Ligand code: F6R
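Shown here is one chain on its own, the form predicted alone, set out as structure tokens.
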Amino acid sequence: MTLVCRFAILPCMCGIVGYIGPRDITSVLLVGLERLSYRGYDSSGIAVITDGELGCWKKEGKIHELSEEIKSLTIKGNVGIGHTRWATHGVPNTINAHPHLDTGSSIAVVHNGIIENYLSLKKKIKAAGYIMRSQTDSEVIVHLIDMYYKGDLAQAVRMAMTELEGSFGLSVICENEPDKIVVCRKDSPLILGLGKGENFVSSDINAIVTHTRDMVFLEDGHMAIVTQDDVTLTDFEGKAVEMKVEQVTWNAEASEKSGFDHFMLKEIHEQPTVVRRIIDKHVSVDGALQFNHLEEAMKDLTKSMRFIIQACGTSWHAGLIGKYLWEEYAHVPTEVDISSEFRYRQMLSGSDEFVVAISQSGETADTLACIREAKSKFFKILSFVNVKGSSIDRESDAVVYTHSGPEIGVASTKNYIAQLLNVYLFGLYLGQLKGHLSKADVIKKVAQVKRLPGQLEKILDQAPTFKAIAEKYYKSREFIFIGRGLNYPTALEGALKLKEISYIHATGYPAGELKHGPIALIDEKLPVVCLAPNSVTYEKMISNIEEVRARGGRIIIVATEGNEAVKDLAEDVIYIPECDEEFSPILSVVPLQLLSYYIAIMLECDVDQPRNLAKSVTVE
């Protein structure tokens, strides 16, 4: 048995759970789905084999709606599967909810992923006399399985998979074979939890870690037959595969709220701890940097001539800051692309060039597709991921783990801080490898890094101030965030956080671009959040603030402690501790996270599960 520490949760757009064993089946499934709900919460459902018959219960809305629907029922059984959905094909309603059943209601399927050829499969199924009840791509799977079913569920699943194009994590049960769950994986994570006289299936550690710590992480192209006392692992052709059991060591309490009202608030307050953890990983006793796991890649990194960072959402913002830092410290030309765009442009590769992926989950579909395309063009791959064992981790030439721990809130907070710090420390490390920074230079900068946890705690102590500011502006329907240099990406991140959880339209701009169009939006009703910590562009930033002020905008300034002059320019000022400019994005973003949080709370929004979003985007 391999002992590993998986600090983060394997992600999925939708959540899958399955159980076979003697426990109360509905309790296991519903509690598991509740713990997966941040991965998708448009609708949910369970299927259970009771006294030899397959029963299915589904409901639009969040998990508690399903719980209310079945709380008066007595559902007994030893095997069942469940699903919580993030809609890709078909509106979020009860009909489109999983599980999906075959025509005779004897086979049930739950699916995470996208079936890209579902339209052609739908035609084939209809021609064979099957009736599609839903608008989903997933329903074609259960009808295909039924079409091939001749008394062997595993074989029917195997044959159906040969026709599926796209991504899928599947769990299947059949009332004719009530002693098993058949599962398979292609580009969508699935985990088996091993117990004594019971076994579990999930797309996420979080759903089953309270029951067992012994896990099997299915690889792409693997399927398993799960019974109460055994697990048989094969490839898609039915050939036996060695099963690697890993013991998860992180505590399930990491995914609890621990007295906070919301996971997002808890995770914002965990950021000093995350920074200390990263320092412990990468800073030696004498203050030097250590990236021991990169030793094999060190030769290639030393010769690196260009980096192309590609990422999505918050991770892309971290990449934008990485560009500034790596060019400053390592003198390596660095580009930054949005993954969904990068993968469709011509990749021109020279020698000694890296494509860099940044992803919390390590399963982000577009980012993963970029890696695969880049490898086909002979780029080397360096990745920053939070989840060990994820697809991006496995397919990269070198990996820096971000060590942010489990992040449950859909809007990323502590993982962003973790990405920024890891990108920063790696930039210093690379600068020293290439001879542009001395060891003394690095030790001096690392000494400042060690101040960050205390500085973050000082900012968090100002939470009541941020709440009071939120009270003044929460009814505004638009915001603009502006910054320059290293804090232009912070403006983008601040705007994204507000959009994600409060549904207020917010946009981030480079402050120098205001006069090229966005300034037309400014009037006496518009809040403008201005990032103006001490920096080489501070004076220019003040000029941009004056432009906003001249047009009557409501100004909120994030500035460095001791700067009294900005009080004359702003309606409200938020102070961060004094620091070198390179650390200001780590400190400046925290007030924006809390400002967004309090605004969303005042608007009675669900900050942990904002509408239309899922934690990790594992479909394109």
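Computed from a predicted model, the values in this text were never measured in an experiment. Note that residue numbering begins at 1 and tracks the sequence as displayed.
Not pictured, yet referred to below: the form predicted in complex with ligand F6R.
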May I ask you to choose, among 400, 223, 430, 496, the residue with a heavy atom within 4.5 Å of ligand F6R in the predicted complex? 496
Answer key: of 202, 364, 490, 112, within 4.5 Å of ligand F6R in the predicted complex (heavy atoms) is 364
Which of 356-364, 467-475, 268-276, 153-161 sits within 4.5 Å of ligand F6R in the predicted complex, heavy atom basis: 356-364
Honest question, do 313, 410 and 500 all end up within 4.5 Å of ligand F6R in the predicted complex by heavy atom distance? yes
Report whether the minimum heavy atom distance between residue 138 and ligand F6R in the predicted complex is within 4.5 Å. no
Taking 4.5 angstroms as the cut-off for heavy atoms, does residue 396 touch ligand F6R in the predicted complex? no
Can you tell me if residue 167 lies within 4.5 angstroms of ligand F6R in the predicted complex, counting non-hydrogen atoms only? no
Using a 4.5 Å heavy atom cut-off, state whether residue 419 contacts ligand F6R in the predicted complex. yes
